[in-house]
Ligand code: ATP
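In structure tokens, one chain follows: the form predicted on its own.
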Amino acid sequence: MSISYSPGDALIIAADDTDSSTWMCTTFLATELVRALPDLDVIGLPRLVRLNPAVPWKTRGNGAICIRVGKGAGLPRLIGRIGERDVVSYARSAEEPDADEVLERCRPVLERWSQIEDSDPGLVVCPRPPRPDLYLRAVSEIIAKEDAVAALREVDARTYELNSGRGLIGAAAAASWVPRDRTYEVLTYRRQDLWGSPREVSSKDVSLLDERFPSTFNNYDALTGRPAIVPHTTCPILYGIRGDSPMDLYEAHRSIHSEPVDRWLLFISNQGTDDHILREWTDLVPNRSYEVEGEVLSPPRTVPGGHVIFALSSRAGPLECAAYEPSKGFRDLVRALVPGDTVKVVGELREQPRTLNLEKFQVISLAPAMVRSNPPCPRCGKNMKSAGRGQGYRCRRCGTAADRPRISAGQRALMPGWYEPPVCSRRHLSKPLKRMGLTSTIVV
């Protein structure tokens, strides 16, 4: 089928919910859509848009994809390679392809790659993006499919869905994203005959990325000696490098020795932006993510499973905060909090158990650490000794007695500043301290 054109801008194609918890990847679908439309040009960069990470029915990263296609105008730039074909992008489109024809070309791609036993795919083709508030809601709360469909009707969108078609929500949200902050990711993919087998990627090369390319982030977990850019599922991705500079990502990609790369593609993304965090709120509703400031109310306690919990005051009432076992040494930082500390916590509020899952926290002020010790003798200056449980203290030299211990300020293990989990425990959307111009506060 040949594509008809009309005067106008690029045409938007978006999709979501095509993968399962163990197989496929929605970003791989973006490469297949590009491959299925060789007579159309990519306009701008493909988008990888992460949505509310607290959605109960998400598969893995809750990411939707969006590409814009048309008849490119201006100078092309390389943004990927699929097989033997270079993928280039243009800044603008001179003509707009026919939406119905493009939808008919994209439908078989969705059907071919969607894991319909575990997903509810949705495909959107529209001449202009839905209103931006759709993304703002989808990244921070749970919205109904009817809301997304209504927003798509406003922009004369064509849609196609499988099963319940819940993927239309993510597809519409990805199409409506207007970046306030943005990052980039170069994603590489494996040959299909290697899917499910162990990946071959040089850990040494990955460990050098932060030093060689400072604009990249979340590359390597030095505590575990594990590359964070390499997934551990059977999905098609070989590795993905994230950063703030597309040019650095090209070079970073070239620096990695690995098994053969079947294809690669550069995406613009909302990853690492904290777009999901609600800072202005009146109540704390589960399945959303918040920034909350308050005072530590109780000493942190370790519960079965190795999770560390403490209570925090908030304007909505006491709130239990949790550092879960996968965050490893981050839990020791949480254990160092004491009642009276003032902190700002950032994370997802779970429904059951009702805890705020910490993504990072800031110590604003520290309560004095009070240390109990044996009192000095007021007569001879020697430290008294315990006279027995509940019997106070007595000086062994002169026999002077005292009822109470000496209480003095002790040294704290924490300092005011920001703290975050190790690289492998960070969420896709969570903004790393590196992108905030900060470093993790050193613990003494």
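Numbers follow the displayed sequence, beginning with 1. Remember, predicted model here, so these are calculated numbers, not experimental data.
Only in words, not in the display: the form predicted in complex with the ligand, which the text now covers.
The chain is drawn here without the ligand; in the predicted bound form, the stretch among 184-192, 87-95, 140-148, 270-278 whose residues come within 4.5 Å of it by any heavy atom is 140-148. The ligand in the predicted bound form is approached by V55, whose closest heavy atom lies within 4.5 angstroms of it. Looking at E420, you'd find every heavy atom of it more than 4.5 angstroms from the ligand in the predicted bound form. Contact check for I169: a heavy atom falls within 4.5 Å of the ligand in the predicted bound form.
Contact between G61 and the ligand in the predicted bound form is found at the 4.5 Å heavy atom cutoff. Contacts between stretch 15-40 and the ligand, counted in the predicted bound form as any heavy atom lying within 4.5 Å, involve D16, D17, D19, T26, listed in sequence order.
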